[in-house]
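Take a look at this single chain in structure tokens; it is the form predicted on its own.
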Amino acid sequence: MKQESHITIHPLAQFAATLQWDDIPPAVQRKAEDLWVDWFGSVLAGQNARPVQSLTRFALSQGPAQGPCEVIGQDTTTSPMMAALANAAAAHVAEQDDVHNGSVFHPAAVVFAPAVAVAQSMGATGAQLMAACVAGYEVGIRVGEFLGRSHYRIFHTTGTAGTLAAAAAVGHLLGLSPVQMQHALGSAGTQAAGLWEFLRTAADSKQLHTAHAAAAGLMAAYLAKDGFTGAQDIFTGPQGLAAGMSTDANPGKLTDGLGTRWATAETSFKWHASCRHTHPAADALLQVMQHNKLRPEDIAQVTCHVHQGAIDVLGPVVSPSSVHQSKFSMGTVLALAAQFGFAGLTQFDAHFQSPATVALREKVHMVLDAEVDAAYPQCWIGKVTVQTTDGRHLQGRVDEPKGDPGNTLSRDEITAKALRLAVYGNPNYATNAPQAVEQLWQVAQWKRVGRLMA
């Protein structure tokens, strides 16, 4: 390629193209496997959701009737792009997929879905798949951190940074050179999309964001393999990502500790089936209730002391009209946690509009807290003040919500969560999901990536 001589390769492109499984520290390898199993449960939990079914029907109408790639949870197979689209949509609807705090980004949905599809199509090994996924995590997280807090006020980072994450993972599997990887990131960045406006009307766009990111990133990588060129300075060019999508972009974040600081290992699991912005307060409320032996009927008011990002995302959701929208209602999440000790999928389905939930929801409000806001997004502190019906004012604080790296899930908990989500998606999975999950834990030893679910 003649143009290579005058191209300055961005370190992120160099890293994504050349990373090998053996370069990754064992502890990070194990964390990648944890995230992989956790992702699988979310895909199975989400496959029958109405928006996911719509996107899957679309994908199958556009792709071949038979192909090398699995639409997970179905007998149907199709092309890599269409499988990636369908599986990425499914992974993000249950609100149980992972999150990286500092970038406010959900990597699993947009990394594993396209990577699995491509690995199945080309017969990659499990180690090749997992190395590609770590490359996708590292790229996507750093792009999210680079775009900053101003980006997240308007843009859904999983849809935007996720497009580049998908391109990096797929590009790694395709064996792109560093120059080709740079072109792939350029083409991915110009397609990056996803706006928060959908939350105001309970629209289905969140699943479209992950579906599009996975498919567009995959396309960018395949095009780069074929010699298609992308913007050379997609990050900081005069009309690049920072110029169009951020007012506080920090280019240093793109290479922060690259190869020594493993952002993959910083990724958190989600315990409650809701927007991550609700988790710190939910855990803090549960702490207060457990320590003081409170019942839901003892609560007169809950004040959640939050960061601005929580107000930006959750504030528009005042009276949720759907299960999915209710997962972005601070009041609903705390009401369910107070009643059941956990805001899980079945609790949302059965109780998000119950009289008891609505009554508790109306007692919850958010206020901006300077300490919490200053710590965000590196730390998501949960602080609540609970006023009881007998006049007490009780304080709760959680510095690391359940699922954060310092308060993480064990492999037994991850397995239990994945199986619970699988059965939620289809009760029949109670028989074959345990075997599938057991095999997933061995992914690094696979000689070839085949079907994940029989």
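Residue numbers here begin at 1 and follow the sequence given. Note that the structure is a prediction, hence the values are computed from the model and not measured.
There is also a form predicted in complex with another copy of the chain; it is not shown, and the following applies to it.
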property: Three-residue site R57, L241 and D312 fully in contact with another copy of the chain in the model of the complex at 4.5 Å by heavy atom; result: yes
property: Contact residue in the model of the complex, from A284, A343, A94, I234 (heavy atom within 4.5 Å of another copy of the chain); result: I234
property: Sole residue of T125, T76, T190, N101 within 4.5 Å of another copy of the chain in the model of the complex, by heavy atom; result: T190
property: Which of 44 to 52, 390 to 398, 25 to 33, 418 to 426 lines the interface with another copy of the chain in the model of the complex (heavy atom within 4.5 Å); result: 44 to 52
property: Close approach of H209 to another copy of the chain in the model of the complex, 4.5 Å, heavy atom; result: yes
property: Close approach of I72 to another copy of the chain in the model of the complex, 4.5 Å, heavy atom; result: no
property: In the model of the complex, Q325 touching another copy of the chain (heavy atom, 4.5 Å); result: yes
property: 4.5 angstroms heavy atom contact with another copy of the chain in the model of the complex for L218; result: yes
property: Residues within stretch 73 to 90 having a non-hydrogen atom within 4.5 Å of another copy of the chain in the model of the complex; result: S79, P80, M81, M82, L85
